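Below you will find one chain, with nothing else, as structure tokens; this is the form predicted alone, and questions on how it binds or moves follow later.
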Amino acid sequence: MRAMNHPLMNLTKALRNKIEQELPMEHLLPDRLPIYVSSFVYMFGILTMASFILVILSGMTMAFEGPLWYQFSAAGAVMRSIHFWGVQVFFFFLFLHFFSVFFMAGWREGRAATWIIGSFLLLFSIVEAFTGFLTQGGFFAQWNQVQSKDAFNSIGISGFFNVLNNGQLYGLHISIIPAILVLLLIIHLTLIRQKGVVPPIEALKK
């Protein structure tokens, strides 16, 4: 049976060819990597992503079960602790990854976009942690909300971002900012697969 030469099919073929050209399968799922990738420095990125997945899964569980579950039940308290310590591990490896890539000049050889997206990931992660810190529900979190409100009043942005509005904080923390982070992470990983990991500076001198 003869295939129809429809314009939409040509568009699909052109899109497929473009994707295959920009991101070939040997880059998307490589089976061989340079020898320098065996260095532990290159593990910081994947450890950051693994802890990020743990934080997302634990956070989704808490969001589905609700505040009464994670604040007043034993199982909820355990999940809340997993979420909290997962965030600590996430930022630990995130900063190790950020500074290691910085001192390796990770923007070299056409990787500037990868570096910029990674920097935005760091900034949005800090905002996400800030909103989560203020929504813990304890007295300490409430006290910090009041102090943050005064700080935001002093710079004139409290009209747009009211830290005393828990509904706004929860909306940012469990939906909007995580969606931005996941989108940026997908773009970041795609660029890494497209350009490859940055080689050490010493490797270029040899």
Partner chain sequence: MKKTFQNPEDRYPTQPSDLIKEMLVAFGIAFVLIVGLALIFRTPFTPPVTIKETAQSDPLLFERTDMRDLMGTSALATYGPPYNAGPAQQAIGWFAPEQWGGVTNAITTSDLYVLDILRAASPINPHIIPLIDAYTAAASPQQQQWSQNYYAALQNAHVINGNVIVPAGDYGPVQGMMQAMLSIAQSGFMDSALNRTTPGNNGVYTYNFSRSILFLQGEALTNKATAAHLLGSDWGIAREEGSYPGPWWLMIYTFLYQIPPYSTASAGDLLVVLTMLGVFLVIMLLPFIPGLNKIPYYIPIYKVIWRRWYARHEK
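This one's a predicted model, so the numbers in the text were calculated from it and none came from an experiment. Positions refer to the first chain, counted from 1.
There is also a form predicted together with the partner chain; it is not shown, and the following applies to it.
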From Val41, Ile180, Met62, Ile174: within 4.5 Å of the partner chain in the model of the complex by heavy atoms is Val41
Heavy atom to heavy atom, is Leu184 within 4.5 Å of the partner chain in the model of the complex?
no
Heavy atom of Asn10 within 4.5 Å of the partner chain in the model of the complex:
no
Taking any heavy atom pair closer than or equal to 4.5 Å as contact, tell me whether His97 reaches the partner chain in the model of the complex.
no
Is there any non-hydrogen atom of Leu47 lying within 4.5 Å of the partner chain in the model of the complex?
yes
Which residues, if any, of 148 to 179 lie within 4.5 Å of the partner chain in the model of the complex when only heavy atoms count?
Lys149, Asp150, Ala151, Asn153, Ser154, Ile155, Gly156, Ser158, Gly159, Asn162, Leu164, Asn165, Asn166, Gly167
